[in-house]
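Below, in structure tokens: the form predicted on its own, a single chain.
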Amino acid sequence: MGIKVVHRHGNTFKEKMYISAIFSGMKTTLKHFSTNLKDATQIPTVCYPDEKPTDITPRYRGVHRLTHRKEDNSIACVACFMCATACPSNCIDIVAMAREDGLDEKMPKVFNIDLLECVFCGYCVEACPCDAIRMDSGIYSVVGETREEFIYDKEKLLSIKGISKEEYSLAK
């Protein structure tokens, strides 16, 4: 059994200085720069917010929203904490309280999502057994001046309507 030697690249001084990679990148940059300098009308731009982007896929995950039950229009969330447990950024804060109408054992007293910490991965939607939280609002631009404006509470999440026009939970 012989020893196999693996040839490594990047041993020369020229390769260690990344000179060829730098010049290759500069070549691409100068090519785009000169093309755009010759004809600036061909540069793809969107004058946001006056013009809305048209190439956003329908599968885009927008801002979160909470759904209602179709039977009595109450909140579909049962405060099971599955969404908060699945969230990798820990941006969901739930405080449960006893439900008095007899439909379920619990409901959320507080349900907050911090959009500045959220990574919009959709794990909370996948983890929810009640179809109570969705990310189909179509809202892709959230603007605010203070941090508190990016913390969406239960009332704000319930008021957001979805682009799917399905406002109620589909869970049985």
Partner chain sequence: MKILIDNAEVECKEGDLLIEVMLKNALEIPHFCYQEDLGADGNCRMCMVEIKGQKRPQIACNTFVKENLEVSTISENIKEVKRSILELELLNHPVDCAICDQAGECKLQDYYMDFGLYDSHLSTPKTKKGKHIDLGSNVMLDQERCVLCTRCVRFTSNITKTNELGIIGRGDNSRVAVAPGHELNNPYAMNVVELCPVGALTSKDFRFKQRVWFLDSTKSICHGCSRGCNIYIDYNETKYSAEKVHRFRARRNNKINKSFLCDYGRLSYKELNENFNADVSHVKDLKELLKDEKKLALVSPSMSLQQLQAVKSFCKDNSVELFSLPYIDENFGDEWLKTNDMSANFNGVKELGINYDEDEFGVSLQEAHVVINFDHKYLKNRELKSKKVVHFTTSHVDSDYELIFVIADFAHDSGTIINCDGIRQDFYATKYESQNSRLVDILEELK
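The structure displayed is predicted, hence computed values, not measured ones. Positions refer to the first chain, counted from 1.
Separately, the form predicted together with its partner chain exists; it is not shown, and the next lines address it.
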| item | value |
| --- | --- |
| Full three-residue contact with its partner chain in the predicted complex, heavy atom 4.5 Å, for 66, 119 and 131 | no |
| Stretch in contact, per heavy atom within 4.5 angstroms of its partner chain in the predicted complex, of 24 to 32, 41 to 49, 136 to 144, 109 to 117 | 109 to 117 |
| Heavy atom of residue 74 within 4.5 Å of its partner chain in the predicted complex | no |
| Any non-hydrogen atom of residue 126 within 4.5 angstroms of its partner chain in the predicted complex | no |
| In the predicted complex: members of 80 to 108 within 4.5 Å of its partner chain, any heavy atom | 80, 81, 82, 85, 89, 90, 91, 92, 93, 96, 97, 98, 104, 105, 106 |
